[in-house]
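This document starts with one chain, in the form predicted alone, laid out as structure tokens.
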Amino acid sequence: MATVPPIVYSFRRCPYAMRARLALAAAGQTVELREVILRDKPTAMIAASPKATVPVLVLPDGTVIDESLDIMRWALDRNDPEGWWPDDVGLRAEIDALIAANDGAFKNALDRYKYPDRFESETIDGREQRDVAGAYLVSLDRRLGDGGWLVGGRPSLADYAIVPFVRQFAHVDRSWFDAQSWPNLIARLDRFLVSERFATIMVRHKQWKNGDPVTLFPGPAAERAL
């Protein structure tokens, strides 16, 4: 009997969904990909996760994982060929701290820089928020200068959990981003954007509808190396 793959509800451009797909691809974990349009979310996704945000992973036994980092760790716990989630407790603490800063203060500033109209109850200074986010990016640039990766001189969960958000920040004003004094970060982002890994996770899919043929991710020819 054929094995039924887990289902992942995803939105191509969402950085949270992007990082989940990165880990699934790196782990070689095949899933059924269901592309979501955020203004028209499928009832099956909402039934699985009432908070109705992507990504959502539904396992064959009905277990639902609806936080992107939890999906990443689930995939890496099953198979971590590149050692993104090291056994060393100290390295794990560094990784967790970097991701917490990304998902906390940096993402808070990024949202207000990119989407000031969403925060009508606040007085938003876009440049001020950009500078707050930029201070975190300076710290990433310094770390990358020690070997091209954020932790321990090799690829880790931190690199791939964070880079989709750096991409989102950069694309608000790429000319301004490229003019900043963070050459290591700019080079790292550029390498990522032209990598086969990025191409694999950014393949376009039409909006999933109930009854559609199954779309498997990653595809059989997916390149797993940066």
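Just so you know, these numbers come straight off a predicted model, no measurement behind them. Residue positions are given as counts along the sequence shown, with the first one as 1.
Separately, the form predicted together with a small molecule exists; it is not shown, and the next lines address it.
- The small molecule is not drawn, but in the predicted bound form it has a heavy atom within 4.5 Å of residue 15.
- At the 4.5 Å threshold, heavy atoms of residue 35 stay clear of the small molecule in the predicted bound form, well away from it.
- Proximity of residue 164 to the small molecule in the predicted bound form falls outside the 4.5 Å heavy atom cutoff.
- Using a 4.5 angstroms limit between non-hydrogen atoms, residue 57 is distant from the small molecule in the predicted bound form.
- Partner proximity in the predicted bound form, defined as non-hydrogen atoms within 4.5 angstroms of the small molecule, places exactly one of 155-163, 182-190, 25-33, 46-54 at the interface: 46-54.
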